[in-house]
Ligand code: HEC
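In structure tokens, the next block holds one chain alone, the form predicted alone.
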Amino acid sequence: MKLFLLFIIAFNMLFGAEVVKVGERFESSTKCKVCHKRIVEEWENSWHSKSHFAKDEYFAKSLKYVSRKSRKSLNAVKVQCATCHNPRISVTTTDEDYDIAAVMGLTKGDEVEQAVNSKAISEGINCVVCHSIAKIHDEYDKTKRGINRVEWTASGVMTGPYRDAKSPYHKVISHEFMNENPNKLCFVCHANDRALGGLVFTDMQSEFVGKKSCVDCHMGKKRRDVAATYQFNGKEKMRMVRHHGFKGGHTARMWKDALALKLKKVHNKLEITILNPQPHNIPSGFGSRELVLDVTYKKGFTILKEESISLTRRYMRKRNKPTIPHLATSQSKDESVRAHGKKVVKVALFKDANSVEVSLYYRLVNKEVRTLLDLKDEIWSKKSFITTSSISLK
């Protein structure tokens, strides 16, 4: 009976975006390292290299939380999130029939299980993800992201920014989204983050203001170096290249002076103005990120009072129960500081204080979501220093 049911279900449970198989020769970054050693080593220390669920506690526990609360099989949730986290996955979508089969124990060792545990996606966003995109469909509906927004090159055809690039190991083509318009590539995944029910909790593309490119900050300025060590005519080709560490919210040094503070006494209140010179909102990039204002009231060198103000978002499900962003049906007011904008926070001054010091920090995950997911790694609770300012109240 089980075999008969599995046979019937198998016709319906797998569908989705077109898959272009990655040849074994190009699956691992270690193969790329032969010619692109420095670039691969930079990538190895990036969070792109940790986008697989086995390498990211937040991601792994979010998958299990969504599976438990939505009553979808864990593998089905992994496939859904792989849209951006592991877009070279060989199975791109499952349906309700698959979840029925999973409950009945009919999916062990099947195509989906093989896909989510494949070595081909174990490196997360690796070389062959970004450098084998043939076309990006900006005209698609915003709900289509990641794998559902791109077309892949044939295995062994790599895309890059250089029109004169050559390699004896693979074909090379250039695309404008690797040079003139890199934001187009970034926004394939870093835009339109949606909960299962459709609630948009982050949309960096619509927030973005100005002509600055994402790579200007997150890959740094171009510098003269070699992109590949392979020698043509006895010497390496010098290029203008960027750093492939993809520094972002996880990199503490990125936050130093990313925002500015201005303090002003207005009657019996302290007016704290946070200024954002960046081209996107802060916090952004993912739901549940947080800005923290630590306010210290002093009299001389004596601390009279300390308070902490959290600027973050709460996410709710039915009956206003707290949840993580991907399961939310509603969300609290957006507390982020707009791109090239400002946010004013007013607090009551403490009696007898003759000075106030305010320090601004960034945190990857707010306390509510850290608790819901039981996150243990200190990176999720650690505060990254941004800036500080003080004012005399005399």
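A quick note: this is a predicted structure, and the numbers were derived from the prediction, not measured. A residue's number is simply how far along the shown sequence it sits, counting from 1.
Not pictured, yet referred to below: the form predicted together with this ligand.
None of the heavy atoms of residue 234 is located within 4.5 Å of this ligand in the model of the complex.
Proximity of residue 29 to this ligand in the model of the complex falls within the 4.5 Å heavy atom cutoff. Although the partner is absent from this view, residue 297 stays clear of this ligand in the model of the complex, with no non-hydrogen atom inside 4.5 angstroms.
Interface residue remark: residue 62 is counted as part of the site for this ligand in the model of the complex, having a heavy atom within 4.5 Å. Annotation: in the model of the complex, residues 58, 168 and 217 each come within 4.5 Å of this ligand through at least one heavy atom.
In summary, the region of this chain contacting this ligand in the model of the complex, judged by heavy atoms within 4.5 Å and restricted to 98-106, 274-282, 111-119, 299-307, corresponds to 274-282.
Of the candidates 241, 316, 292, 260, 241 is the one whose heavy atoms come within 4.5 Å of this ligand in the model of the complex; the others do not.
Scanning 347-381 for heavy atoms within 4.5 Å of this ligand in the model of the complex gives 362, 380 in sequence order.
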